[in-house]
Structures are given as structure tokens and as C-alpha cells.
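Below sits a lone chain in C-alpha cells, taken as the form predicted alone.
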């Protein structure tokens, strides 16, 4: 919705016009009306004929918004009428430990980037429940195509802190991409986690294709689904619609999880679209859709678990919109206080903290204590610090690996040419020019494979 007060140096006439448009859009929420008497239907459709000229623009009547599913309130207590999902103590504590781990790891790596020790990082501050709750509801062999804030779900699957640090530092032990990717772009064939790609929303139609591959595999059909994560900003890309169209019409067992955290980098969701969020788009593609409180880990867990069941049983797309708030900056390339007040962020951290909410729930069950909290935080900090210190001491991959596994099969001619050119330059400068000598020392083998 337009907010005239935020638009600088507008004439009063234009301000009044924008205000009228904003007001009109705010009150026009109408749903389709069925005819009172049967007048037949279109010959190739079951759409009933009506004699009323009626426009509609909403899946809800009047000014009502799509409801948001919640299980526990801010005090960790089940709300009236809510059913707490079946979850035992062991699973609950595993989920909570990973929720606590995520901001500790994020804070450490964010600070390391600020110190110039890694080149880039992106955090999940404020979205711990949306990430961990959804990850816990998936099967370990479901195929996941993530965006870049879902590292917690990957850790939940078994990715280690050493794996995280080796990828961010680009060491020779980087199992994600042998140092070829920028930090926070993880991947694991073993854990069915497709390597993250920076271009916005490209993973969405790819996930629909992965779902189609699962559907064609008799060993996985009816057992697994493809899962794709994306933000509400990515849902403004054409790839979002291409992915949903494919997964709903082929159809394919693809679970779409939208993290609506309020911002597409610096653009607030109020300026991205006029419709009722991302969930309102699901019915247009004929898919099961739910909106869930993304700061309630139990609600997210229950919603994604049921969404996954429907996705696999019916073999078609399901859309889940998690409503949360991005407490951190978009990435280390961003200063969010340039476009939102610091007080807004601090208030959200204080009033709607997903970790505190779940901790209060655990304490009410007798599953957690302050002493255990203190011990957990200390242990996780020690583990994170030890992991990054190990990775920081390791060399980067051998120079030769710069050219390997870029493509499948035989190395193409252009890479062979580039390798030979680099080989010549290393022979010329590698042992005589100090900048090249010092850089080669950072790599395992020091480039000696090119000097022989």
C-alpha cells in the first residue's frame, strides 16, 4: 500500500491522488459470487454462468486477510483451540539446539567477514523457527533446493560446523564446491541438498523439474518430494510463476516454502505487491496453500509436515507461506538501518523472539532449565569457535582444482586453454614475483603441479 508521507517532494495534488488510490485498494476485497439460480455452465468447463456483472480480487470476503496458523503464543503456551503436534522430547530438544546454534554461528561468521577474514556472509537472525521447523518436518532424503538463509535446516540434516567453515573459508576440505563458490553457498549430494545459486529465484522452476524426476523414479515416487525455499522478494520473479505452473499442471510433488520476512533486501513487502502476500497466489494455481506463523516453530513443523504429506500423496505442488521478520541485515553488503528504524528491529527482537517462545514452551513441559541453557550456549560457542579456527589454518584447494568439476564429463576446450595459460603464467611469475609467490603459498601444493 502506498504511504504518501514516505514519498519526498510530492505536490499536494499528487499526494491526495495517491491517498485516494490507496484507500480504494484497501476497501476493495471481494470474492466471486455464485449465481442464485442455475443458468448452466461453459461447454468446456464447470464454471457456472451468472447474469451478474461482478469483479473479484480476493480469496477472502470483505477486507479480511488469509488467516495465519499458530500453535503457541509468545509465552510458549498453546493458544485456544490449538493442537500441539506430536513431538517427543528428543526431537524438541534437537530442534531447539539448532535454533540456538544458528544465531551463534551467524554472529561469529558475520564478525569474521567484518574483520576481512571471509569475503561474504548472510544471516538468518529472526528466522530460526521458520528454518528449523520446516527442516525438521522433512525426510532426510527429500531433495532440497534452498535460497541462502536455510543453513540451519542443512545443519539439522547432518552438515557439520566443519563443513560450514570449510565452505566459508574456501579450504581444500570444502565438500560443497572445492572453494569455487562464495561463502554461505552450501551443497551436499549426500544430504540431498542442491548447491545454492546466487541468482534470485532460479531454484524455483528447477525444483519443479526435480519433483518431476522424483515422480518418474519408481523407487522414489510416493516416497519423496522436492522442496524449494525462497523469500517473498523472489516470489516477484517470473521464475516463481514458472515453477508453480509446472508443478501444478504436470503435476510434480514439489513443496514450495516462502519465507515472508518483510523485506526484499531494502524493499518492504508493502511495496512489492498489493495482493494478500504469497499465499493468495496458491489458489490461482489450484494448489493446497497455508499461511503459518513463521516465529512459531511448532506451527511451522506441523504445517510443513502436513504439506509434505499432501504433496507426496497427491503428487502435486503445495505452497506454504511462513510469516516472519528479518531481524538482521540482508547480508554483509547491506545496512538495513538505512531503510528501517533501529527501534523497529529492537522491538521485534524483544516482543516476538522465536527462540524465546520455544524455550518457554520447553520449560513449561519440564524439558528445559536455565542451567541447561547456560551450558548449551557455552558448548555451542566453543564448538563454533573451534571449527572456524581449524578452517582458517587450512590451505585453499590445489590450483589445479580450479578447472576440475566445473562441467561433467571431459574438460571442454576453453578450460583447457585457460589452464595452459595459467600454467605459463605460474612458471613465469610463480617463483620470482612476490605477490604470486605469497598467493600460491595459500594453496595446497603451492601450485607445484604447474611448475613441474
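Residue numbers count along the first chain shown, from 1. Small disclaimer: the values here were computed from a predicted structure and weren't measured.
Keep in mind that the form predicted in complex with a small molecule is missing from the display, and what follows is about it.
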Does the small molecule come within 4.5 Å of any heavy atom of residue 232 in the model of the complex?
-> yes
With the partner left out of view, is residue 264 within 4.5 angstroms of the small molecule in the model of the complex by any non-hydrogen atom?
-> yes
Does the small molecule come within 4.5 Å of any heavy atom of residue 199 in the model of the complex?
-> yes
Even though the small molecule is not shown here, does residue 215 get within 4.5 Å of it in the model of the complex, heavy atoms only?
-> no
Heavy atoms, 4.5 Å, the small molecule in the model of the complex: which of 242-250, 145-153, 68-76, 129-137 makes the cut? Say which one.
-> 145-153
All of 396, 420 and 448 within 4.5 Å of the small molecule in the model of the complex, heavy atom check = no
Given that the small molecule is left out here, which of 98, 330, 178, 357 has a heavy atom within 4.5 Å of it in the model of the complex?
-> 330
Which of 237, 363, 107, 372 has a heavy atom within 4.5 Å of the small molecule in the model of the complex?
-> 237
